[in-house]
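Just the one chain here, laid out as structure tokens, in the form predicted alone.
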Amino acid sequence: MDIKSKMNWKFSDLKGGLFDTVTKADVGEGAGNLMAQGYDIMAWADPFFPDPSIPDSVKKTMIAAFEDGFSSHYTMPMGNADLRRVVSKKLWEQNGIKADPSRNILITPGSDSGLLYAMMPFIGEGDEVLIPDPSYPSNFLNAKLCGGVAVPVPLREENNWQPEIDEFEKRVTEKTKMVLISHPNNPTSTVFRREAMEKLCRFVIEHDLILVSDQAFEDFIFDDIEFVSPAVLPGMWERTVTIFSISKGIGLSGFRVGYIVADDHIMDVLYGGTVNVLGATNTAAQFGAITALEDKAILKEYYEIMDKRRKLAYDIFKSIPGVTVRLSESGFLSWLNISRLGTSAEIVSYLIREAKVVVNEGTPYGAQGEGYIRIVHGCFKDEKRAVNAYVRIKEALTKLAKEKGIK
């Protein structure tokens, strides 16, 4: 029986690693099996993974939440009211967004589900979504899962991966419905500059589009680069849906807490379908999220760690023959151009064999990702262990470069 012939076309060609090899590190059990064999996983955007890293203040809150017994119950599908109030305060202080806790904020079970849900009300059969390439793999897949068509818009390394409006104009059609961005960009770590963001927003307004902005990596912006949330720019609030996360900056990926922020006309629809599509976010995790957002010392400590890590990683990776890399602008990702040494797939396989380190192929991030690899340099709580992995990567690639006659 060909069971896939009975499936919705949006899902029928998905592969989870049971019958075929998949290249995405977060699909199937491939990365987990290698970790069990002693390999270092630097392919999951999960800070300090796999080491314990719950801040003490959050841990105490979680324990109290279990001990009082309320954690066994649902919250409202839109999210814990106290958490929404804390989020509202954070949005104003950090993003300059004025968001009513009862009209503009929806707590979600992680930003991944929030991202898909943010797109669902807008994208139907054949609708086109303009997506910078490279960017987060789910951006491209989500468009398809909604019945739409992902239209990659190339970003260029020589332009520091900034959006170029001419490239967007070349690809806009009468079917274009949305622009979807990861901001800061995953995998390049690039922060879209104000000028580029203003041009992109004018493009969105002129073509009467919706903008979805995934800001999961916004907490760590380095070198005094200005970060601009597009929702605050003129004319954008009513046509922007923004997705946030506590997984990256605060390092609580396992809590599965994110949030969507939007104008109340959009949010009314999202509220209406939340219980059917997302359900209520984990009750105990929401209590922990309140403390995590209120305890400002957490972000300060992690910022300093990740600032040091990016510099350590950069200093090591930039000295590899045949490899180029830019100093990370945000988050905890390094994006290496390894095209002189081989394809993305070849280099990832080589590093597994020679360095016992798992990193990401560039190609799941879009066609422009060929010739690149993504390394999560923010893994491991122990800095020495992280640096040891960086050095093993360098040694392996230096050996390969020598074999290829590259100096």
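These figures come from a predicted structure and were not determined experimentally. Note that residue numbering begins at 1 and tracks the sequence as displayed.
Missing here is the form predicted together with a small molecule; even so, the following discussion is about that form.
Per the 4.5 Å heavy atom criterion, the small molecule in the model of the complex is contacted by stretch 211 to 219, the sole one of 74 to 82, 91 to 99, 211 to 219, 300 to 308. Note on the partner interface in the model of the complex: the residue among 334, 242, 330, 186 having a heavy atom within 4.5 angstroms of the small molecule is 186. A single residue from the set 177, 326, 256, 199 has any heavy atom within 4.5 angstroms of the small molecule in the model of the complex; that residue is 256. Using a 4.5 Å cutoff between non-hydrogen atoms, residue 111 counts as a contact of the small molecule in the model of the complex. Within this chain, residue 162 is remote from the site of the small molecule in the model of the complex, having no heavy atom within 4.5 Å. By the criterion of a heavy atom within 4.5 Å, residue 190 is excluded from the residues contacting the small molecule in the model of the complex. Residue contact check for residue 45: one or more of its heavy atoms lie within 4.5 Å of the small molecule in the model of the complex.
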